[in-house]
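Starting off, we have a lone chain in the form predicted alone, written out as structure tokens.
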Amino acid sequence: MLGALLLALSLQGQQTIIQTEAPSIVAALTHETVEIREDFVGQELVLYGATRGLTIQDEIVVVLRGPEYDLRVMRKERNFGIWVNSDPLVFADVPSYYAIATSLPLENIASDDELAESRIGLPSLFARQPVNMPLTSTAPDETPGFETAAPPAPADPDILPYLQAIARAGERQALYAEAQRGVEVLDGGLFRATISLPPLTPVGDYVADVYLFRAGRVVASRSAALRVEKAGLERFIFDFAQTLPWLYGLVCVMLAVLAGYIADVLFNRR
């Protein structure tokens, strides 16, 4: 990776050639693997890169996406004085982590449609349709249930509260973050972006996508891989819970009973 960056930097000196060559990007993360141990409190990642054919009108956007999963969201309603969950929706391919850094505010880089096409920006996270949603009406020969075909668009007012709830939860846990002007463009076509991983960083495979925008359109892109995994005691407990869930549950119950017994003995002595 570092060799590719040095090669790209050397090409910046060929000024007469740069103006006729197609723009391109090379990029690399300072860490290819992040280990989460029992004392993990977050970590900062630095992405370095170089561009070929960069002009003064070009802008750079860096997006780090975590593993995607289907997210089930329900609305809380109060019935007869009791709060219950109702009207579930399942959204497909929601990233467990999403951070973005830009050289300029997104609205100054490209249109909403262009950004949504590459799933750039927090509003584009939920650009895909829900997997299913409750039926509002059924034909006489149909059974009430969940509809999987032609759900309403995310802009539908009925879906908007769900999207807002997902965004609030992600921002509250620092899993969704957006840093306007978080990309620093250096001399010679080099650039740098800093992205923070929170303490609750999900494990899995991440992808850092780097986009070069020109006149509101993507003209070059490059991806870099990142692996977040548990290590040490955290890894042992995680593997134990995944491979032997019944035994893990039994051990947790026994530890809870033992802790309660010890607490009872200590308080009775006092």
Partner chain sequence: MPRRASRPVQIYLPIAEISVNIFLLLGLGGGIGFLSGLFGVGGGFLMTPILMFIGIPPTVAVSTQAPQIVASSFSGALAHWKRKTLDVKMGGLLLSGGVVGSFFGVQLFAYLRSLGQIDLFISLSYVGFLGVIGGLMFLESVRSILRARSGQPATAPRRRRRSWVEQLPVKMRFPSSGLYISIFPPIAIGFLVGVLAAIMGVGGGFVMVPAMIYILRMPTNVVVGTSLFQILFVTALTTVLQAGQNQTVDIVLAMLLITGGVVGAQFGARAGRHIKAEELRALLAFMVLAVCFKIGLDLVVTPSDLFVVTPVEPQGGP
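If you're wondering where the values come from, they're calculated on a predicted model, not measured in any experiment. Residue numbers count along the first chain shown, from 1.
Beyond the structure shown, there is the form predicted together with its partner chain, which is absent from this document and is the topic of what follows.
Trainee: For L212, is any heavy atom within 4.5 Å of its partner chain in the predicted bound form, or not?
Mentor: No - in the predicted bound form, heavy atoms of L212 and its partner chain never come within 4.5 Å of each other.
Trainee: Spell out, yes or no, whether the shortest heavy atom distance between E32 and its partner chain in the predicted bound form is within 4.5 Å.
Mentor: E32: no contact with its partner chain in the predicted bound form.
Trainee: Contact with its partner chain in the predicted bound form for F191, defined as at least one heavy atom pair within 4.5 Å: yes or no?
Mentor: Although its partner chain is absent here, F191 would stay clear of it in the predicted bound form, with no heavy atoms inside 4.5 Å.
Trainee: Does at least one non-hydrogen atom of G216 fall within 4.5 angstroms of its partner chain in the predicted bound form?
Mentor: Judged by the heavy-atom cut-off of 4.5 Å, G216 is well away from its partner chain in the predicted bound form.
Trainee: Out of 55 to 63, 40 to 48, 216 to 224, 24 to 32, where are the residues with a heavy atom within 4.5 Å of its partner chain in the predicted bound form?
Mentor: Single hit among the candidates: 40 to 48.
Trainee: Of A116, A169, L186, L104, which one comes within 4.5 Å of its partner chain in the predicted bound form, counting heavy atoms only?
Mentor: After the contact test, the surviving option is A169.
Trainee: Of 75 to 106, which residues get within 4.5 Å of its partner chain in the predicted bound form if you count heavy atoms?
Mentor: Residues within 4.5 Å: R75, K76, R78, G81, I82, W83, V84, N85, V90.
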